[in-house]
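First comes one chain, alone, set out as C-alpha cells in the form predicted on its own.
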C-alpha cells in the first residue's frame, strides 16, 4: 500500500506536534507544508525535510495526490482552511478550537458532509492514557452518576503572546485556548451531554503582564514587543447539561496564584476522581471512606498525546474507523464557548435549546 500523503496548513508551534507524530507513523508521508510566513515555512521545511512548500493554501490543495491535511493555523483561519481542504477532496484534522463561533463550525461540518470526507477535531486530551483509564472506571460504574465536575487550567504568567492575545485571530483568551481542553475532556468522560444553560464571567485585569521581568510561563513563535492583548486574562463559568450535571470551569493566562494548575475533578454518587495529573479516586469500602491512589502509569503523559491523536486520524482515513472526536462535538464546544462569552458580556445566564 502507498503511504497516506499529509499536508500541514500552518507552521507554528502546534504543527511540530503534528509533524513529529505523523513522522512516527510508518503509513504516512508528510508531503507538503503551507504557511503565510515564508521564513517560518522555510525553517520548518528544513527542520523536517519537507520538500513541497506553499504560501498559498489553495495552491497546496491542488495537489491531487494529497490525501489529508492538519489545520494548525490561528483560530480565525480554521474554518476557511478546513472548508477549502474539504472542498478539494481532502480529509481534515482541525486543531481545537474548531473555529471562533458555532455558526462557522456548522459550515465546516456541512462542507465535510457535502464532500463525503472526514472532519476530525483536535481534542487531544481524549487520546490520553489517563482518559482511557478513567473511562474504564466510569464504564464499570465505579463513580455512579456523575452530577458535578470542576475543571481548571490556570497560568500565573502564561499569555503566549503573538496571535493568542489578538482577539481578531484567536477569538478569545484562555477560555478558548485552554478551557476548551478541560471542558471537552469532562464532557467526553460524561458521555457528551448537551449544554442547556451557561453563566460566565471574564476579566481583563492583568493582561499579558508586560511589566514582569521573569520569563513567561509559555512562549509562542510569533511573540514580539508589538503584540496586541485584547483578550480576557481570566474566565469562569458554570455549565449545566441536559442530564442534570453541572461543570464549573476556570481558565487563565494571568492570575495571582502560587503556581500553574491543570486538573479535572468528577463527583459521582459512588465515588469521585481527580486528574492532577495523576489519577486519584475517592470512594467507600466496607462502609469506610477510602482514597485510591493509582500507579504512575495513569498520570497524563503529554509525550504520547499527539501520537495517539494522529494515529487515530490516520486509522480513520485509511480504514474507515469511527472517529472519537467528530465535528458535532466541536460544534457543541463552540456553543458552550459562545454562550460563556455572551453571558460574560451581558451579565446574565444564557439558556440554550
Ligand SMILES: NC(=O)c1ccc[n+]([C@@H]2O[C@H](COP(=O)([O-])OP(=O)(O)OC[C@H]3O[C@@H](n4cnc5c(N)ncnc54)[C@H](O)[C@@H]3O)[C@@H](O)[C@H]2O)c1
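Residue numbers count along the first chain shown, from 1. Note that the structure is a prediction, hence the values are computed from the model and not measured.
Keep in mind that the form predicted together with the ligand is not shown, yet the notes after this line are about it.
*Asks:* For the chain seen here without its partner, which of 192-200, 276-284, 94-102, 250-258 has a heavy atom within 4.5 Å of the ligand in the model of the complex?
*Replies:* Heavy-atom contact with the partner occurs in 94-102.
*Asks:* In the model of the complex, does residue 240 come within 4.5 Å of the ligand, counting heavy atoms only?
*Replies:* Heavy-atom contact with the ligand at 4.5 Å: absent for residue 240.
*Asks:* With a 4.5 Å heavy atom cut-off, would you call residue 14 a contact of the ligand in the model of the complex?
*Replies:* Close contact exists here: in the model of the complex, residue 14 approaches the ligand to within 4.5 Å, heavy atoms only.
*Asks:* Just checking whether residue 177 would be counted as a contact of the ligand in the model of the complex - the rule being heavy atoms within 4.5 angstroms.
*Replies:* Answer yes; at least one heavy atom of residue 177 falls within 4.5 Å of the ligand in the model of the complex.
*Asks:* Evaluate residue 9 for contact with the ligand in the model of the complex, applying a 4.5 angstroms cut-off between non-hydrogen atoms, and reply yes or no.
*Replies:* It does: once the ligand is placed as it appears in the model of the complex, residue 9 has a heavy atom within 4.5 Å of it.
*Asks:* Considering the ligand in the model of the complex, which of 128, 158, 122, 171 comes within 4.5 Å of it through any heavy atom?
*Replies:* Checking each option against the ligand in the model of the complex, the one that comes within 4.5 Å is 122.
*Asks:* What residues of 270-293, in sequence order, lie within 4.5 Å of the ligand in the model of the complex by heavy atom?
*Replies:* The stretch does not touch the partner at all.
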